[in-house]
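Below you will find one chain, with nothing else, as structure tokens; this is the form predicted alone, and questions on how it binds or moves follow later.
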């Protein structure tokens, strides 16, 4: 069967209305750098396909792929999300004397919240763009969803959560392997810290409602409601669509209703439904900037300091999200109101006792709002209402994931924070965070020795240090944590340090992790020879200053630890052993060639570097973003550029164009290594730009690649 493909045609910037071509990973407007983007599709074609329904398609949100931003269906990351049930709320109907109230039950998603939709599409977009590391700020549910989907896609995730997020959600996120950073501040502060952290480390930052995948994913809620509602109200009308009069949801930043609204607008524009529903926005009173602005008739919302126990809804500054929802309200009608924490908790208990739905407090906010809107006559008795049951997460017990998996970052107390003001101590907090997320694994079968090394290092820096008292245990921790450094003994039962090092070098994910050997073993010349190729340095127990070892670890982690001389007799012996081996002549050593590898996927970068390094002595530098790459090229003038085409902020085609416009850089040879299926036009373009050769990542032949690189470097 031919795979169904997206009918996406272009991207429009909501700030300047500039339109441009979509590509995986697009996250800002090339004309104004605006982050609020909107995907556009060939709606005429989709209308013809959808007019008779979508019977026989897969039972997930990907059944609507024509209107989703996915270029390659083979890269979809899914766990069967979507197609959650629409259930008539019979007891609530009786209680409120209202005949048509329905619950859209998102609790049945893989991680029990509607954020699984966002995570599925966002992680698919990252997978298509070759992004292997991501930063996300969240109030809870998105954190758990992204952690699960990133785990499935082998994407490293850094999560920034406020200290008010329930510990169970933090543990659940950590259970999936995410790095959890707890920020003692407001959610808006956590977002700022996350953005700065991502910029400092050049890691992809998920932009939530601003980004295309987030909003587009939520459209599928509207598509499902329209098909399910038609089945509920007109069982014989197969393949038909039916819009409700109202869609109600509890709101924090607004990504849910923004996407749902767009979905209904698309169905209306294609002639599949007869009206666009009104959107009911419910916020908790302790954090209701949208409601306050709406009631004041303002098109922009002022930021507030959250004062609510319902932390999932604690976005104090909704920004453009509110402006877009306000425009929708003015066009189609709708309403925004607030409920208290107590009203939400009461609705939570009532919903469980009457409908049998156990929900989290954030979901209960929507049902408390429903009560008010019906009783106040805002929702008429003849109107069809759908309420989003947005989620219900289950706790991960403390004995499964302890608090050691969470890193604390302390800023100003939330009560002292001023919306929009600079964060006091942010710079120093971020510097400390760099140290706090630095991970070291210490492996020694003597617990006293491993504990001593841990205490020495943590007395110097707030590193995260994990101890293992056997090599197999240490190897498992290394594979799970992918630490920045390993400190290991050599003489251990079950598996010795030599075997451990060999196992690390076999795995591309662990091969580049620096290892410092601290051992009491008398090393033979053969031992030294083996270790010279595998260990960063060797320390003989009992013959060095502990202060020297600590300083060496700190310097190694900062990238300058190779030349520390004090108390380093064992290191000198290894260096001399290396020098004694047959090697290149001095003339050859002076002709080390510089290669710039422009590749944002760390795993691919390691594999390509390893392939090339086996051919000859090379200096290979990796850069993950386009503009940074151009800076490095101008500064260092490498002998060869190895270029991926799918790169953040500038794609490979744009990088080539910039190179060829610069007469000082035009002569540098370029090799393209990409996972992209190149069209004939793209190949012709690359050839016209002087690309010397083109390689597919999944078909790399090491010998041929090395030979090609050798030829380019002659």
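Numbering follows the first chain given and starts at 1. Note that this is a predicted model, so its numbers are computed, not measured.
Another form exists, predicted in complex with a small molecule; not displayed. Remarks below refer to it.
Visitor: Considering only heavy atoms, tell me if residue 312 and the small molecule come within 4.5 Å of each other in the model of the complex.
Guide: Yes.
Visitor: Does the 4.5 Å heavy atom contact test between residue 124 and the small molecule in the model of the complex come out positive?
Guide: Flag for residue 124 set to no.
Visitor: In the model of the complex, does residue 254 have a heavy atom within 4.5 Å of the small molecule?
Guide: Although the small molecule is absent here, residue 254 would touch it in the model of the complex, with heavy atoms inside 4.5 Å.
Visitor: Test of understanding: in the model of the complex, would residue 538 fall inside 4.5 Å of the small molecule by heavy atoms?
Guide: Outside the cut-off, so no.
Visitor: Could you spot which one of 217, 141, 189, 261 gets a heavy atom to within 4.5 Å of the small molecule in the model of the complex?
Guide: In short, 141.
Visitor: Please tell me which of 111, 249, 450, 288 lies within 4.5 Å of the small molecule in the model of the complex, judged by heavy atoms.
Guide: Looking at the other structure, the residue within range turns out to be 249.
Visitor: Out of the stretches listed (496-504, 262-270, 133-141, 545-553), which one is close to the small molecule in the model of the complex, meaning heavy atoms within 4.5 Å?
Guide: That would be stretch 133-141.
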